[in-house]
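We begin with a single chain expressed as structure tokens, specifically the form predicted on its own.
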Amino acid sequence: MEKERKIIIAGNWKMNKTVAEALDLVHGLRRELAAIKEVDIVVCPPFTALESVSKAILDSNIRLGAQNMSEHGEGAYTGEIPAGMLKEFSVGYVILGHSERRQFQREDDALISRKAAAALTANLIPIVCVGETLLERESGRTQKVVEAQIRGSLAGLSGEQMEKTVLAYEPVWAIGTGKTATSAQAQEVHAFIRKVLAALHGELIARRVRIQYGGSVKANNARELMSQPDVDGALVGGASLELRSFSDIVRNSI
């Protein structure tokens, strides 16, 4: 399918895969997906596997992402990892504001905006996540919640920085639950996000920003989701942990 924006499929491995398991998976992905040029393919292993995976995907069409980073450059921040350390392993992308970090680590929009700015300053591409809970959707607050997250999490970014940023719409009620927003529901929110971006940065920049869908994406629903005009890829969780399912999602997104 012909898209104005290049499709981006990113695998968020979360807290899974030893180094050996990570290498086994990426060697398989290199083999399976070597011919694909139409999609930006990104894998986001745990920090412990970044160095090994970085070497394993050298000179391939697969790019490396991290699952989080600090807003600080260095210093007395025990357990944190700054952008500069990620770049030592040729990390190009970083997931920020995932709903699990918003929920379990109490990350708020203001913190996420600082992280996004730090990532962009270091020439990393942030994948900034937004999305509503089931209660928020059922009470008709999806647009209000998503707009507030966009405005807060991207606060202070210039238009030029916004163009380099990837957004991921992840309805929280569809993450790891097996529930998926219908393609029409996904398109409705993606179109709304683009409308908010246009209000913030103008139509031209809004048209250039890639917006992924995340929430129980699988090989059998990828094609229909990616066929929506404002859905520019997927942030894949569980299905990215298995060679066949992730490879099929990438193929089915073209």
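Throughout, we count residues from 1 along the sequence that is shown. Since the structure is predicted, the reported quantities are computational estimates derived from the model, not experimental observations.
Although it is not shown, the form predicted in complex with 2-phosphoglycolic acid (PGA) is what the next lines describe.
- The partner is absent here; in the predicted complex, the one residue of M162, L124, A174, I150 having a heavy atom within 4.5 Å of 2-phosphoglycolic acid (PGA) is A174.
- Contact with 2-phosphoglycolic acid (PGA) in the predicted complex, defined as any heavy atom within 4.5 Å, is confined among 48-56, 225-233, 209-217, 181-189 to 209-217.
- Although the partner is absent here, E71 is not a contact residue: none of its heavy atoms lies within 4.5 angstroms of 2-phosphoglycolic acid (PGA) in the predicted complex.
- A residue is said to contact a partner when one of its heavy atoms sits within 4.5 Å of a partner heavy atom; E107 fails this definition for 2-phosphoglycolic acid (PGA) in the predicted complex, lying far away.
- When contacts are judged by a 4.5 Å heavy atom cut-off, H98 counts as touching 2-phosphoglycolic acid (PGA) in the predicted complex.
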